[in-house]
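The chain below stands alone and is given in structure tokens; this is the form predicted on its own.
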């Protein structure tokens, strides 16, 4: 099977979705698209997740490089980075690259690279309120989350809360299968509430190029 997963309405559906994301990012800084990511791509990613060994996941941490640490008070999810070695991983990275090209063309965001990982939240696991990027301290520009939870019910919990202002008015996102969330990394604090069942997703970040004479981006 080729690295790119084929679908009949490939280009037209993606163009429609990318346009919707771009318009919402431009107008309000975030976008929530339900049942929008191609079903065959979501299904292949979910099946791959179900076949992965527990040993492939590690406890998620906070910070980068020297500041990296595992802190169970802040977050308790497990992650596995997506490197494109599997067919579905390669198809996912290819699809995200197409979205990157569209957003750069329409919004001039200067997105340079992309990284993402599978995330597993066991029952009761959470991620407390945080930013994905602080102004001037990171090169993350745009965050992305894809949910891979068939049959998710409101009572299952595990919602993503995106805080819109200092009064903590928020948007609540149910992690249903195929829902895609994108938002400006520096602008929105957010958190993951505890769930009552295993919760699966992909988290990713588009970065801008922060290379200097003393540092090459992205850092290893």
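This is a predicted model, so every value here is computed, not measured. Numbering follows the first chain given and starts at 1.
The same protein also has a form predicted together with a small molecule, omitted here; what follows describes it.
- Proximity to the small molecule in the predicted bound form, defined as a heavy atom within 4.5 Å, holds among 132, 115, 87, 78 only for 132.
- Each of 145, 160 and 190 is positioned with at least one heavy atom within 4.5 Å of the small molecule in the predicted bound form.
- Shown alone, this chain has one stretch from 190-198, 22-30, 43-51, 163-171 that lies within 4.5 Å of the small molecule in the predicted bound form by heavy atoms: 190-198.
- Not displayed here, the small molecule is approached by residue 127 to within 4.5 Å at the level of heavy atoms in the predicted bound form.
- Contact check for residue 18: every heavy atom lies farther than 4.5 Å from the small molecule in the predicted bound form.
- Shown alone here, residue 92 lies farther than 4.5 Å from the small molecule in the predicted bound form, counting heavy atoms only.
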